[in-house]
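One chain comes next, on its own, written out as structure tokens in the form predicted on its own.
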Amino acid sequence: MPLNLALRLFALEFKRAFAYRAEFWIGFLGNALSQFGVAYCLWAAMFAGLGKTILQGFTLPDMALYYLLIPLVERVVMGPEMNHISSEIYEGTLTRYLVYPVAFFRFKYVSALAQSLVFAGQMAAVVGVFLLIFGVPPAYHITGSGIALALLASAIGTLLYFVLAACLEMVAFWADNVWSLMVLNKLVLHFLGGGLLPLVFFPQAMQTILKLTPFPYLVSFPLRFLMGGMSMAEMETGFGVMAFWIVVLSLLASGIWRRGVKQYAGVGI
């Protein structure tokens, strides 16, 4: 995609994101703070009931920041929208991308990346306010290099999620509805990625298996750079697994696309 077109698309996505500012912030804060509130109350009760101040290396303030960051990171990596490809197929608007002199997936990915940058700004604002009020919890070692690596992991994670979601959404070439499939996908990623429960609480054998899948690298992997303590070997392995799955899923998406467009009618529903 030409650079000038990509920049114009970025500008349009930013304008669309801020078109309804109240809805933009209320929806974002409502989702993030509701998840944070439920998780905090649950873990506060667990710490009090067990009579402990540390669980698997987490104190209650550590857990509080973890569950504040989780929905923010998921929003950056996965975005708020689903069916952004399947809706084009169902409505017949995919046709315009087949005749325009622009690659469909590049166009869609640049659009998704622009939204992720907006959400990254929201995340920085919320986390900054939290740290100013409550300080940095003991388990976190926030440094400039850690923030840079967390942003890099999140950026690569957006591409990984995009190709994964694209493979599922292109089932729309053959199925009448993929919305439930996408909801299931997000639920699985939320659980196996560490969104519902930190991965250190999973059985060791399951943690070993999950390290070979793309799931942990979409949610918990970026957070580990903010917590510190990740070895160089773990970091290299993490980025390597992400690159492997991006290549595999990209090839799969390309194959599904070639077969799907052959039977695409372009009439919409």
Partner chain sequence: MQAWEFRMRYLRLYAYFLRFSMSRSMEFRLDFFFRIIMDLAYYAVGLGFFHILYLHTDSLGGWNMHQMRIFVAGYILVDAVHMTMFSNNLYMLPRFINHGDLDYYLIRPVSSLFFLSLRDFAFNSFINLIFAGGIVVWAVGTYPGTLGASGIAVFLLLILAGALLYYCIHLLTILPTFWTQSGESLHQLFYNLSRFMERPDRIYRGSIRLLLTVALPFGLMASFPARLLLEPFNWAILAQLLAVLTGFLFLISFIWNRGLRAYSSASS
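Positions refer to the first chain, counted from 1. Predicted, not measured: the structure shown is a model, and the values here were computed from it.
Same protein, other form: the form predicted in complex with the partner chain, not shown, and the subject of what follows.
Think of it this way: in the model of the complex, the partner chain has a heavy atom of just one of 54, 38, 209, 230 within 4.5 Å, and the residue is 38. Of the residues given (110, 181, 163, 126), 181 alone sits with a heavy atom within 4.5 Å of the partner chain in the model of the complex. Residues of just one listed stretch (98-106, 183-191, 118-126, 137-145) have heavy atoms within 4.5 Å of the partner chain in the model of the complex: 183-191. Among residues of the shown chain, residue 196 is one whose heavy atoms approach the partner chain to within 4.5 Å in the model of the complex. When the partner chain is considered in the model of the complex, residue 27 lines it closely, a heavy atom lying within 4.5 Å.
Put simply, residue 93 is far from the partner chain in the model of the complex: not one heavy atom of it is within 4.5 Å. Mapping the unseen interface onto this chain, residue 171 counts among the residues with a heavy atom inside 4.5 Å of the partner chain in the model of the complex. Residues of 192-217 placing a heavy atom within 4.5 Å of the partner chain in the model of the complex, in sequence order: 196, 197, 201, 202, 203.
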